[in-house]
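Starting off, we have a lone chain in the form predicted on its own, written out as C-alpha cells.
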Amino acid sequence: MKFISDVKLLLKITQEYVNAQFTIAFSAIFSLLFLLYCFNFSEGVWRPIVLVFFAIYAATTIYVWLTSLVIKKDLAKHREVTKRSRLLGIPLILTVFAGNVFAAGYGFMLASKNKTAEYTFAVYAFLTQIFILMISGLNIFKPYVVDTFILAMGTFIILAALYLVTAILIARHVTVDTAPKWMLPLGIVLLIPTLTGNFFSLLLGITLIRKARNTDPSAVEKWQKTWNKILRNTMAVFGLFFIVFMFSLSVVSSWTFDYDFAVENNYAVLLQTPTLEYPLGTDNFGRDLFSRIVFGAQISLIVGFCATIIPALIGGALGAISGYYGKNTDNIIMRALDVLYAIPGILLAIAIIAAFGANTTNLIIALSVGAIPTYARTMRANVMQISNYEFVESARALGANDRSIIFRHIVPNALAPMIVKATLTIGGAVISTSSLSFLGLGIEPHIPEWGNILKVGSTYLESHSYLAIFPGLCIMLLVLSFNFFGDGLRDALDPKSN
C-alpha cells in the first residue's frame, strides 16, 4: 500500500504527467470541436481541411495518452522518467504546425529533463514566433501583400530559429542556479526581439543575464522562485502564452497584414464563407474577417491595458495617501470615492461617452473613472497594514519625509496585490470595451474592433454564424487567459503559499 501511495504522489508532483493530463483534455476537446465542424450540414458536404485537423488532433490525443502510460510505468519502476521515454516528446513538437500549442509545449517539456525557467521561456518564445509566422503566412493567398511582408516573414523565421537554438543550449548548459558566462551576450541579444512584442524573449533575456552575471544571488533566487511557481501552473502558462501571442501579433500585424482588407468594402465577396484567401470569411461589406480580428486585437488590448493602468495609478496613489494619513484625509478621499463607487461602472461609462462622444480616448477615460475606487480600496488596506511595520518606524526615525516613506518604502511592498488585481481586471476591461462597442457607444463602427465585429455577426447568426463565433471566441479566450494568468500570479505572490 505504501508503494502504491508513493507512486500516486509521484504522479501528482511530476510535471510531465500533469502536463500530459492537460494535453489529453484539451486535445480531446479540440478534436470534438473539429469533428462537429467537419461536416457542412447546410450543403451536405464534408470539409476536408477540417477533417484533416480532426484526424491530427485525435491521433495526438491517443499518442499523449500512451506517453502518459509510459511515464506512469517509469515512475513505478525507476522513480523517474527515463531518457528513452523522453524521446517520445520529440514527435509532439511537430504538432505546433497544426496549431496544437498544448501538445507542442508538452513535447518540449517531456523531451528535456532540465526544465529551468529559462528553458520554458525559450520554448514559449519559439511557439509564439511559430504561431505568428503561420498566422501571417496565410496572407500569401491574398491577391496582394504589404511591401514589408517578405522581410517580416524572413525576420520571423530567423527569430524562431534563434529561440529554438537557445532552448537547446539552455537545456544542455543552464542549471537552476547558474548559467555560463558566454551566455551573457546571448541574453543581451534576446532583449532586441522584444520590439516584436514577444514578452517571452524579454523574460528569457533578463533571466539569462541575471544568471550569467551571477550578481546578488538572493535576488536571483527570489525571481527564480516566483517564476517557478507560475510556470508550475499549467493553466497560467497557457494563459500567458495566449496573451503574449495576441500582443505580439498586434505589434507585428502592420508588417504582414494589409489594413485595406480590414476596412475597405469589397462588394464582389459579400458574406463569403471561409476559404484560403479569406480564412474566416467576409462580412456584409466584403471585408476580410481574419484581418479585422487581427487589427481589432490592437484596440481591445490598448483599451484593456490603458483602462487598467490609469485607474491603478490614480486609485493606488489616492489609496496610499488615504491609508497612510488616516483620520480626516482618509474620510475625505474615501467618502468621495464611495460616491463614485455607488454608480454602476457601465452606466457611468455610457454617461461619459454620451456626453463627450464615442471614440477610443473617451472610452478609455470612461472605463478608467469607474475602476478608480476599487484600486484605491485595495491599496488603502495594504498601506494601513504595512505602515505599522518596524521598517516604516525606522525610516521615520531616520528623518525620512512622508512622501519618501509612502512611495519608497510602503508602496513597493504593497504592489503585489495590486498587480494581481490588475491582471484579473484587464479581462473585465476587454469585455466592457467590446460590450460598449456592441451597443454602438465604443469605438467608431468602421474601425475593426472585436465588439464592432461581433455586432455585425449577431445579425447573421442563423445564416453566417462564423461572423459572430470567431470574434466571440477571441474575446472569450483573451479574458480566460488573463484570468488564468492572474490566478497563477496570485498564487505565486501569496506568502501563505510558501
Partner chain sequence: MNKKLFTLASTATVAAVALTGCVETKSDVKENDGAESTGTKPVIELLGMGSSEQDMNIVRDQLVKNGFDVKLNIQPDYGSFTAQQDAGNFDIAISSWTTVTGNPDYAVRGLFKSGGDYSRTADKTVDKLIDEASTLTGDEAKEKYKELEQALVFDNAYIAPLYISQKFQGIYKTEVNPDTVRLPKSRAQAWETISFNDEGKNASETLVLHQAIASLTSLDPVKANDGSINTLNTNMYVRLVNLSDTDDVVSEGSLSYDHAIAENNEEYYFVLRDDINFAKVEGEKAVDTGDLVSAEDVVFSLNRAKDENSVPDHRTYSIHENIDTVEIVSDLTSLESVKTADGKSILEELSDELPAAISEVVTDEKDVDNAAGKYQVVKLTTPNPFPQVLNYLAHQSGGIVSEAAVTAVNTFDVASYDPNSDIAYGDQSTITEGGSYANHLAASGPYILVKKNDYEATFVKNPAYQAGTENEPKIENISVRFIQDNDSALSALRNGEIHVLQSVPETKTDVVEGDENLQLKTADSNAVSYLLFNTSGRETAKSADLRKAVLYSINQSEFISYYQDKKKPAVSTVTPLIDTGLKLEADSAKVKEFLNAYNESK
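Not measured: the values here are computed from a predicted model. Numbering follows the first chain given and starts at 1.
If you look for the form predicted in complex with its partner chain, you will not find it shown, but the lines that follow are about it.
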*Answer with one of D177, E393, D402, E264: the residue that has a non-hydrogen atom within 4.5 Å of its partner chain in the predicted bound form.*
E264
*With its partner chain left out of view, choose which of E80, D330, D260, E277 has a non-hydrogen atom within 4.5 angstroms of it in the predicted bound form.*
D260
*Full three-residue contact with its partner chain in the predicted bound form, heavy atom 4.5 Å, for I150, N284 and E462*: yes
_Can you tell me if P445 lies within 4.5 angstroms of its partner chain in the predicted bound form, counting non-hydrogen atoms only?_
yes
*Examine V145 and determine whether its closest non-hydrogen atom to its partner chain in the predicted bound form is within 4.5 angstroms.*
yes
*Taking heavy atoms and a 4.5 Å cut-off, does L271 contact its partner chain in the predicted bound form?*
yes
*Residue stretch of 451 to 459, 468 to 476, 50 to 58, 25 to 33 approaching its partner chain in the predicted bound form, non-hydrogen atom distance within 4.5 Å*: 451 to 459
